[in-house]
Structures are given as structure tokens and as C-alpha cells.
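Each of the two blocks below gives one form of the same protein chain as C-alpha cells; they are labelled structure 1 and structure 2.
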Structure 1
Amino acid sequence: MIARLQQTGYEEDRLQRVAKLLPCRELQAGTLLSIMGQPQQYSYPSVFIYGHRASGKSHVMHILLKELELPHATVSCVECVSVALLFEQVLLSFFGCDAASLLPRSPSLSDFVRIYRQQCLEMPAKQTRYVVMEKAELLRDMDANLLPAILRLQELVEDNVTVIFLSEIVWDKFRPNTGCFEPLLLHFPDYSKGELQQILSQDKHPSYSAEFYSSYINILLGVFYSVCRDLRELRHLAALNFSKFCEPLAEGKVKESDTHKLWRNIEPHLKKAMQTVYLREVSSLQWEQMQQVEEKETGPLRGLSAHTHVELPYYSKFLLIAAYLASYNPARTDKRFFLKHHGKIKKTNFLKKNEKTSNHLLGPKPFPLDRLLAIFYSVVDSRVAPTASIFSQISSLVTLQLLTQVSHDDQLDAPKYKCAVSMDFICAISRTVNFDIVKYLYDFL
């Protein structure tokens, strides 16, 4: 049942169309409408909307502003790499290209405010204007005076304008030490399993019944929901694996009601797809071709995802190997494994009697960055300078969730990490670079 949206000043049919386009986000849409008020009224100067990735923030704002035909400027802070592009985008959306051309080559905040005021005299606002800042966390990397000024833009330009920030992090990470105008805060929670089921079931295939596609989504969420709550990623996975789910049906082997047989057919393919969640290192067509090849071929790498032996850069593989060794070897064993002239170390002293539990059973241990790099320079088969490229590859491994940063973001002097890959995974990586990792693992001495 679709919830009703009510707000004076807007046509009833438009509000109902908005409610249909925003399943499971009617509550947040209603709260936003209450904050925005009637189109002609002054709204609150700034609103801060936060929530995890793919929780519907941008979608809700886009639908509201588009369907209700409200004047707005959508600014992507990823694309606007300078304040000049940001100012130009706002003036272009509200007043046209002539106003945007009035900006000097390197505009300051005062230039933007001056031109905005001049244009307001010529084109006064009949309705509230909205500036939507997507990926607003990037504003913290721009000029220090930009964020406090945008928060009170309504006061500076003396216009009926509201700035809406969309971010994946909380407001406490934004607040400047010198203080600023406090925006209204609105949280978008993650979709629940039932809400994801409802939303994904709307993408049903025209050749099959809605009940059949809903049962497929239920199976998909049963596998992936514990590791992935991202609606966009789940939608991609649903589209990628649906043809495999329907294969027995297309061949006439089962009926739509034989859910158990359909599940047994799709289960191994979903488990393989779990190894590439979020990585998206191959296109959908390439993934299907890989599945066909793997069904025909057998080998030591069969069943492992493509990124284990193809997609990682050369030095990233050694960085991942070094991270695995740092996570599963005690720090005191580094001298034994990686120092060429370590002298004689008695095995009785090297292996402590009280260390009977396998480190692989205890799980990965955190390690500092300098230890990771020390092991990396020892295992790599050529001299590597400590360039920015090496450090950027560490960040990429964290982004790919192959490494996990366990220290705080603002701990710059000695960040700590943990390796997040399995033994089979790292063995496959090691084989591609001809590195025998088992010889360097403390548990296999």
C-alpha cells in the first residue's frame, strides 16, 4: 500500500505520483516536504541529509524537485573540482549562461554573491530556489570559508534559496572548529530486507510472472543480504544472474513453482558472484562468458573470481601478499622470514611453547603501515622506490575491501590495517607472481 503525501500548495495528483516513484521512502519525502513548506514560502536556509550509499538520498531529492517543478540547481562536488565551477553551475541553473559568463576567471565568494544579488534584482524568486550539493563531504577539502558561507547563503544573497547537502558521513565530521550556522539534519536509514525485496521486485522481467521474479529476489537476498545492503549493487547482481536462474525453466526441465530445483541450479553461481561483490572488475557480458568458460575448463584457479589472477596490478599483488603475512605472522618472526643475514635462531626459542593455537584460527591481526612496507620491499623481486603510486595502491586495496583500515581516519602518522582475504585467495594471487607464500607463514613451519 502506497502512503499518501500531503502538503498544502502542491497538487494532489503530483504528490501521489511522487509517492509511487519513491517506494519505502514516503516518510523521508514527507519530512522533506514539511521542511520545504509551500513553494512561495521562505524555507530553512540549509538542510543536511546523510545516510549510507544507495539509501535513496539523491533519488528522493531528484524526484521531489522534478515532479513538483521546483527551481533547483544540482551540483556534484565530484565534478566541481574548483569553486569557480561550483559558482558557475549555480548561476547557470538559476539565471542562464549570461549570468554565469559574468564570473571572473578566478572568482571569489564575494564575486559570486555580488552577481547573484544583481541577477535577483532582474529575476526575483517567485518560488523557493534549491541548491542540491551531492557528495557534500568533498566541500571540506575546498576553501575554509566556503562551507560556512554556503550554509547561510540565504542571508548573504538576500534571496529565497535553500541549500540541501547530501552526504554519506555525519554532520559532526563537517562542523568547523570556528563554528557555523547549524543546518537541519535528516537521516536516511538503510533499506531493510523487506524494503529491498519490495523495491527489487518492481524490476520484474516481462516474460515471467511477478511471483516468480519475487521468489528469485528472495533467494538472491538470502545469499547477499548479510554482506551487501547496497541497492544499486543488488540490482546489478539481480540482473546479472537472472538468466542463469531461468535456464532450467527455458529448457523445460522444471516449472515456475519448483523453487527448490531452481535454487540448486543457481546456488553455485551466486556463491561465485559473492566473491566479486562491489569490485565490478568485469562487465556483465564478460562475467557471463567467464561462467561459460569455467563450466568447460578445470584448473587450479577454477572457481575463484577473476580479480584473483587477472585484475590486480603487479605491485598490488605483492602488497596484498605482504599484508597477509603481516596479519597472520607474529611481528617477532619478521627477522626470521625476511632478513637475509639474521644469524642463527634456535627453533626452540623461535617457536614459543604457549603458542599452540593457529593464527589462522584466531583471525587476522592489525599491523602498522611501516611493517607492511618493510615486508613488501623484502618479498618483491625488484627494487621499488617508495613513491606515491605504492601508497595509492594501498588505498585502492582498502577501497576494494581486500584490506581493512582499523585505525582512525585522522591518525596520519601510523595507520593500521588488517588483511581481509582468505587463504585460498592469497594462494591464487601468489601463484600468479610465482611466490611460494606457504614458506613464509608461521603456522606452516
Structure 2
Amino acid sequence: MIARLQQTGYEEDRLQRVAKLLPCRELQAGTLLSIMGQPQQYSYPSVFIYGHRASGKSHVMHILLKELELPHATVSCVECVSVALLFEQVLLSFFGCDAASLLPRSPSLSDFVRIYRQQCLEMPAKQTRYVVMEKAELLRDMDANLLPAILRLQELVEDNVTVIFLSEIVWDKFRPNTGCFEPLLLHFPDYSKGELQQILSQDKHPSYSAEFYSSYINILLGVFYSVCRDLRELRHLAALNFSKFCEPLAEGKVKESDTHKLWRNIEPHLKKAMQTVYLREVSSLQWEQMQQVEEKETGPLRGLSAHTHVELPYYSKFLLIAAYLASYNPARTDKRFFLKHHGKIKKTNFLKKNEKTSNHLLGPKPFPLDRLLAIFYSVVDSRVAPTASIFSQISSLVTLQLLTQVSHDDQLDAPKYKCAVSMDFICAISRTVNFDIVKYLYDFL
């Protein structure tokens, strides 16, 4: 059922059309419309709308302003790298390009307000003008006086103008130190599971029945809903995986009504999509190609994560392993790990379990170059001379950002490093050189 939007001053059939275009957002659109009031009436100077990503903030605003044909300027704060662009866009949408060209080079707010007032005398607002600021959180990073000034734009330009801010971040994080004009706050709640189902079911495939598509959406939400509630992301995933879902149907193996078999077919596939497409490790094109390749050769899946495929020189691998050990093992345990005759070290004494938190929780510790080289010589199986090539490999590991230099560059004699790779990565590396790194890690004893 489509709830009816009501507001005097607008044509009835337009409101009907708006309501149809905004499924599951009727309540919010209604509230917004009642705050906006009739077109010629004043509205509250600034309205702040917040809600999660893809909860329909921009969409509702856009549809309302466009369908009801209200004068408006939509400004995305991502695009406005300088305030000049912001001012230009507002003036352009309200007064045409002549007004925008009046702006001097690198304009100040003062210029903007002056030109706005001038133009306003020539073209007074018959209807409320709306400025919509998308991603308003970026306004905080611009000049400190910009946000407070835009909040009270109505007062400054003395025109019937309302500024609407859209953001994912709550208003509390915006308020400047000395306070400012408080906007009217409006929350857009997230879509519930049922609403997501309803909206996603709307873009059904023409050659399949609505129920069939809806059951597909149901399965998709079952997998992804606990991780992601972003409508846009879910829609992307739905579009990408639908062809796979239909496959058994096209081959004539199952009927449309046999949901259980369809579910068995698609479920592992979606799980895999979670690890790849959702994380953006592969693009959607690659994903489609992968699906086709997979059909031909049903061999073992190659690791999808990009970072398991770094090729390094032989010694660099050992250097990295040594760096990892130096970062995650306490220095006092080196003796036990790397000395052949380390004498008697009592096991109880050695494993001081009062150090409760493991190093893999706290992150890598810095270590000096000497320690790195000492560990390196004991882990590498052949004898290596400390040549310039070894040192240059260390510095290239730093450029690859596998190591980070902690100390300042000017400390030439004793530089300190930190290892910046993950456990999975180092395990993959050590497997290629047949080195069992877990045996040498203090945390895993």
C-alpha cells in the first residue's frame, strides 16, 4: 500500500507520483514536506538530515524537489574542493550563469552574500529556494566560518532560502566550539529487512516471475544481511549473482518452485562473493570472468586475495621473516630460539605467562637493525656475507611498505624498523621457502 502524501499548495497527482517513487520512505517524505510547507511560505532556515548510507536521504530530497518543481541547488561537498565551486554552483542554479560569473577570483563568503543579495533584489524568491548539501561532514574541513554562516544563510541574505544538510554523521560532531545556529534535526532510519526485500524485489528480471526473484532476494539477504545493510551494495551483489542463481533453471535441472535445490546451488557461491566482491578485491568484471573459468576447470580455487601473490627475491623473503620474528618475539627469547646450545633455560621460567596479552594483539614492536641481521643469519640456511645487496634489499622492503622505518632518517648507524605484514602473509611467504615460522613464534608456543 502506498501511503498518501498530503500537503496543501501542491497538486494532488504530483504528490501521488512522488509517493510512488519513494517506497518505504513515505513517513520521512511526509515530515519533510510538512516542514517545507507551502512553496511560497517560509521554511526553517536549516534542516539537518542524518541517517546511514543508502537510507534514501539524497533520493527523497532529489525526488521531492524535482517532482514538485521547486527552485533548488544541489551541491555535493565532495566535488567542492574549494568554496568558490560551492558558491558558483548555488548562484548558477538560482540566478543563471550571469550571476555566477560575477564572483571574483577566490571569492570570500562576503562576496558570495553580497552577490546573492544583489541578484535577490532583481529576482526575489516567489517560492522557497532550497540548497541541498550532500556529504555535509566535509564542510567541517573547510574554513571554520563556512558552516556557521551557511546554517544561517536565510538571515544573512534575507531571502526565502532553506539549507538542507545530508550526512551520515550525527549533528553532535558538527557543532563548533562557540556554538552556532542549531538546525532542525531529522533522522532517516535504516530500512528493515522486510523493506529491503520489498525494494530489492522491485528490480526483477523481465523473463522470470516476481516470486522467483523475490525468493532469490530472500536467500541473498539471508547471507549478507548480518554483515551489510547498505541497499546500494546489496543491489550490486544481487545484480551480479542472479545469473548464477538462474543457471540450474536454464539447464532444466530444477523447476522455479524448487527453492531448496536453488538455495543449495547458490549458497556457497554467495559466501565466496562475500570474501571477494564485497571486499572489492576483484572488480565485478573479474568476478564474472572467474565464474566462467570456474565452469570449465573445476580445480582447486586459487587464492583470491591479492596479497598472497607478492614475488620477492630469496633473501628478501628471509629478511622479511626475520623482521617478523623480531617484531613479534620479545628480545630475551632470541637466545632460546636461535642458539644451538643455549644452555638450560627452564621452560616455566621461559614462558612467563604473566605477559598475558600476546604480541599479536598489540601489534609489531620496533627492533634495531643489528637484531634483524642476527636473526636473519641464523634462519637462512646458507652462509651469507653482509654485502651491500643485503642492505639494499632491506631498504627496498621499506619502499614496498612491508617494513616501516620507525626512527628518523638521519640515524644512520642504528636505524629501527617495524614489520608491517600480517600473519597470513608471512605464513604464505615462509611456505615458499619451506620455513615453519609458527615454530619460532613466542605467542604460539
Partner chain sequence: MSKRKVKDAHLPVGECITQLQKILRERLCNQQLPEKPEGVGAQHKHLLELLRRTAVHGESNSVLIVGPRGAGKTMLLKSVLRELLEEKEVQKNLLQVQLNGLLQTDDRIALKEITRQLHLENVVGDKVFGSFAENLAFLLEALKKGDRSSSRPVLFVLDEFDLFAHHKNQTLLYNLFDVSQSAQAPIAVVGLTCRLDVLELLEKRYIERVQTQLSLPQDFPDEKFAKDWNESVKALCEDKSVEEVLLRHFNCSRDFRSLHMFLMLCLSRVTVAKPVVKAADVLEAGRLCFADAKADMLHGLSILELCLIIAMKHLNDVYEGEPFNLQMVHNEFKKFLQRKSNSMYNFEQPVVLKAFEHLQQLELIRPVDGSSAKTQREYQLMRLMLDNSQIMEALQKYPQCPTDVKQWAMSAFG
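Start at 1 and count along the sequence of structure 1; that gives the residue numbers used here. If you're wondering where the values come from, they're calculated on a predicted model, not measured in any experiment. In this text, rigid core is short for the largest set of C-alphas that superpose within 1.5 Å between two forms.
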Pick one: which structure is the form predicted alone? 1
Threshold 2 Å Cα movement between structures 1 and 2 at Val18, rigid core reference: no
Rigid core fit then Asn329 CA moved by 2 Å or more between structures 1 and 2: yes
Once the core is aligned, please say if the CA of Lys317 is shifted by at least 2 angstroms between structures 1 and 2. yes
Once the two forms are overlaid on the core, the CA atom of Gln401 shifts between structures 1 and 2, in angstrom, by 19.0
